[in-house]
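A single chain comes next, written as structure tokens; it is the form predicted alone.
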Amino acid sequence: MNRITTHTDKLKVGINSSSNTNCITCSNTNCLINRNTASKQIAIFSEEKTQIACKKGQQFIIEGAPVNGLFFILKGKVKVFRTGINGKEQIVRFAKDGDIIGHRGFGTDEYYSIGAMALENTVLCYFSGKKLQNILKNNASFAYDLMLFYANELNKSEAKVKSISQMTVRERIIDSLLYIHTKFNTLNGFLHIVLTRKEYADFAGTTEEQVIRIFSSLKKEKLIHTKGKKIGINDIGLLKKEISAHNFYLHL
């Protein structure tokens, strides 16, 4: 597995700073940096990023590595995970264009509590922690926007913990399918992200065998269809109804 560390002096692989995408003209309108480029101060700050290209399967945040900054996804798909008991991987969330990676360690912890890996060829925008802290101290609007982001993330995390503790395995797997559908949408009738059955299990907090069994049941009930690793949802309404008591939207 190819890996790069989060040390800025070692971020050599895939750097292409000479062709950095301009944040002002970037299409990721949900990105915190992009939303604040009307400020001349943020516009200048945005030019200080490092753009990094990661290949599919490349890990760009190592769990336990020193925190040096934040990553924003310019283009691609990423899984964020942490290691549990006996080395079992637990996927915390998935991320796409415009999302922030590594924010849980920024400003508080010395080391990342999570790891992050590209699920497809991905381009990242990296901002060093020192530069971010400096702009946060001098730009109240950007600091406020980041504070609201953290508050929203906390609300979603708490809602997810509450829901998962009350769900059956089948409900957790259905919840995961709906989350991924809402996060990535569909392409040609299938979810627009290809995951292994193990990755579904690591996200739903169950085993690969349980995922295979429940996917088989959902297929027999004509709620989903599959083609290799690809999964398509036939009836969003029925799946939502099955877990409606848990309000799955809260952890998107």
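Heads up: residue numbers just count along the shown sequence, starting at 1. Computed from a predicted structure; not experimentally measured.
What comes next is about the form predicted in complex with the DNA, which does not appear here.
Across the options 181-189, 65-73, 204-212, 23-31, residues that bring heavy atoms within 4.5 Å of the DNA in the predicted complex belong to 204-212.
None of 136, 164, 169, 123 but one reaches within 4.5 angstroms of the DNA in the predicted complex through a heavy atom, and that residue is 169. Every residue of the trio 197, 219 and 229 has some heavy atom no more than 4.5 Å from the DNA in the predicted complex.
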